[in-house]
Ligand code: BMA
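First comes one chain, alone, set out as structure tokens in the form predicted on its own.
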Amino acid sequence: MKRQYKDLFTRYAGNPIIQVGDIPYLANSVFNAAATHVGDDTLLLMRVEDRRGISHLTAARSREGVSDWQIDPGPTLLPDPVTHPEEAWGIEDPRITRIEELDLWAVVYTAYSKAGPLVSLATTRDFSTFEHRGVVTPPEDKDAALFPVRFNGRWAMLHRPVSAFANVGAHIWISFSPDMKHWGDHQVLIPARRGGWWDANKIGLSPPPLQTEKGWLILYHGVRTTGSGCIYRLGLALLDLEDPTRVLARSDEWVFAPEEDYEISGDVDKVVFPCGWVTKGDTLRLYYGGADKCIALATAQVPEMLDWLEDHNSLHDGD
């Protein structure tokens, strides 16, 4: 018999924490922020869409990671369509991974152009200057993030390529690289389910993998198409610490869904879309985009998430 749980995530009462009116220059919307610790501060690298419809990335810093955000006066990382034509239509949805071995942060993001969306990589040591590493996967590919450590000498990345064949579905893949540039050993890691499941047909990684004592904790989004449109909801998975190609657990139920007005109504309705999370002790802070219009915050306890996933592991049922 399963243990009884309340909702794993608690929304911050002051949500949304950042809206477009907080940006110190004109823009259409702010959403889908990556997150990391920089010294004593929490840093968000936010997707900001300008009034043309082109996105760039802007940093916000806060000592306690909840309020009093200090936002860069202008864009922190702009698309560079001259040197990088794959960025002609903007850069979107970053994920940040701290790479201690290299003493830098890796920012993996979606570059968008006439060729379609693809995965690009930049690195930084201060979030003021960035080294563009360029394209790492061809289109169509999104929702990518690096692991913070090597596995048998190679870096690993989760991402979500999409096939031209609609009936194939969109799944989470894992790939490996000796240098963060050339990627191989591509394989489906977590497939989208079929039928009436909350994560049928299309899924994607949300924040980067989180290392825990039981494995790499994964938060991913599932997109269900209904008569009233698409609904983006979130579920959990767990990967083996030494071999991330081994999926140890996958949740049967979703754990977070759009419920509040700022999540239900916006530029894209009924969306909760996290690109970043940070931890302090057992407490996890999840930063997510609400309806492609604002940034909101929810908190959870990592041990409780792991216990819940153990009780709601659909792999026990042969899924």
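These figures come from a predicted structure and were not determined experimentally. One-based numbering along the sequence shown.
Unshown form predicted in complex with the ligand; subsequent notes refer to it.
**Student:** Consider the chain as shown here, without its partner, and state which of L45, V30, L286, V271 has a heavy atom within 4.5 Å of the ligand in the predicted complex.
**Tutor:** If I apply the 4.5 Å criterion carefully, the residue I get is V271.
**Student:** Would you mind picking out the stretch of 60-68, 271-279, 247-255, 35-43 that comes within 4.5 angstroms of the ligand in the predicted complex, counting non-hydrogen atoms?
**Tutor:** Among the listed stretches, the partner-contacting one is 271-279.
**Student:** Do Y220 and the ligand come within 4.5 Å of each other in the predicted complex, heavy atoms counted?
**Tutor:** Judged by the heavy-atom cut-off of 4.5 Å, Y220 is well away from the ligand in the predicted complex.
**Student:** Would you check, heavy atoms only and a 4.5 Å threshold, whether R224 touches the ligand in the predicted complex?
**Tutor:** R224: no, not in contact with the ligand in the predicted complex.
**Student:** Decide whether D93 counts as a contact residue for the ligand in the predicted complex under a heavy atom distance cut-off of 4.5 Å.
**Tutor:** Heavy-atom contact with the ligand at 4.5 Å: present for D93.
**Student:** Whether Y232 contacts the ligand in the predicted complex should be assessed with a 4.5 Å heavy atom distance threshold; does it?
**Tutor:** Although the ligand is absent here, Y232 would touch it in the predicted complex, with heavy atoms inside 4.5 Å.
**Student:** Within 284-313, which residues have a heavy atom closer than or equal to 4.5 Å from the ligand in the predicted complex?
**Tutor:** Residue within 4.5 Å: D292 only.
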